[in-house]
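Let's start with one chain on its own, the form predicted alone, as C-alpha cells.
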C-alpha cells in the first residue's frame, strides 16, 4: 500500500528525535497503521551544510532551506512544524492549511496564543491539527483529556509542567546548593537555555496551562490572563522551613472551577510531602486531574528529543489514519466543538493559607510589628518558625498564616516592603490545599 508522506520543518532536538523514531520504529508503525510512513522532505536553514545524523537516516528525503517549498511539494501529505516561535511557525501552519494538508506541531507558544483561531480554520477546511507534543511531550495528557476522560466533568487540574524548574527546585532541595549554582548545572546539562527566563519565570508553564484549560474546561484562555510567578527567589532555607511543615516546594500550574469562574495560576507553592506531586523530581512533568469520576494522574518526561518525538510521531500516525479514512470523525484538537471566552477571576479573591519567609536585621519588636500590619488587613498568624544559629544581620524566619484572601495579604506585604529592618522583600508562597491527601 502506498505510504503517507511526511514533510518535517525544523531539525532541532525535536525534529531530529522525530526522524530517529520514524526510522527506528518503521516496521512497528507500518504494522499499526497498515501502511508505511515515509519522510519525503526535510527543511532547516542548515540542512545542506550541517544536516545531522538524523537526516542521514532518511537518504531519499528531499532537502530544502525553504519551508514554503516543502509545504507546497505534491509528495508531502502531512506537515510537521517543529521550528517553534510564533511568527514563521504560524506562516508555515497557515500555508499548509491553504494547501489542504494536515499539520502536527509541538509549538506551545503558538497554540497558547492562536490555537483556537487556527483550529477553527482547520475545522472549516476539514483538515486535522495535531498538538499532543505541545504540552508535557512525553505524556499523552492532551489525548487523555480529549478522549480518555472526555466523559468526565473536570473540577480541578494541578500540574508540574516545566521540567527545568522542577529539576532546579529538586536539586536545591536535595543538595542544598545555591539556586544560581543549580541553574548553571541545569544549563550545562541542556535542561535550561542560555536565557532561562521562559522556564524559571513560569512563562513556559503558563502557555501549557492555557492549552490544557481549553481542553479541560472549554475556555479560550490567553496566556496573559493567567497570573504567573517564577522560582528565582526560592532558596535552600525555604526548603528547610517547608520540610519542618511536612511540605516541599514545586512550581505548580493550577486550574480550579469555582463559583466565581475558572481560576488559573502558575506559582511556586508548598505541597504536602504525602501528595503524589511531591514525589515528582528531576526534569519530570506530571498532571493531577480531579473530576466527577475521581482522580487521574499522568507522569513522565516532559521534554527532550525522544519523549517529544514520540508525541509528534503519534500525531503523525493519527493524521495519516484520517487521510486514509477521511469519513471518520476524530475528536476536535481542543476537545470541544467551540470554546467560550475566558473571563479571569481576580487573584485577590483567592483564599489560602500562606507561608511567609522573611530575612531581617534582627532587633526587638520585629514580630510584633509584622503581626500588627497583618492584623490591620484582617490576617491572622498561625505559627512562627525560626531556626537557630543564623547571622543576626540576615536572619531568616517563617510565619504561616490562617486562611486569608490574597488581596489582604498583598496589601499587608505592600506596607511591609517599606520596613527598614528587611534585608529583602518577604516571600509569600501559597500552601496547596487540594493535594494534602495522597
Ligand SMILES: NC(=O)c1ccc[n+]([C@@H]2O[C@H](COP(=O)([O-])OP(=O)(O)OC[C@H]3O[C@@H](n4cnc5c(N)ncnc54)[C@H](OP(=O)(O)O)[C@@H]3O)[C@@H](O)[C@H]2O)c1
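Model, not experiment: these values are computed from the prediction. Positions refer to the first chain, counted from 1.
Not pictured, yet referred to below: the form predicted in complex with the ligand.
Of the residues given (133, 160, 103, 221), 133 alone sits with a heavy atom within 4.5 Å of the ligand in the predicted complex. With a 4.5 Å cutoff on heavy atoms, residue 67 counts as touching the ligand in the predicted complex. In the predicted complex, at least one heavy atom of residue 43 sits within 4.5 Å of a heavy atom of the ligand. The ligand in the predicted complex is not approached by residue 300, whose heavy atoms all lie more than 4.5 angstroms from it. Residue 207 falls outside the set of residues with a heavy atom inside 4.5 Å of the ligand in the predicted complex. Across the options 244-252, 83-91, 115-123, 339-347, residues that bring heavy atoms within 4.5 Å of the ligand in the predicted complex belong to 83-91. For the stretch 100-117, the set of residues having any non-hydrogen atom within 4.5 angstroms of the ligand in the predicted complex comprises 106, 107, 108, in sequence order.
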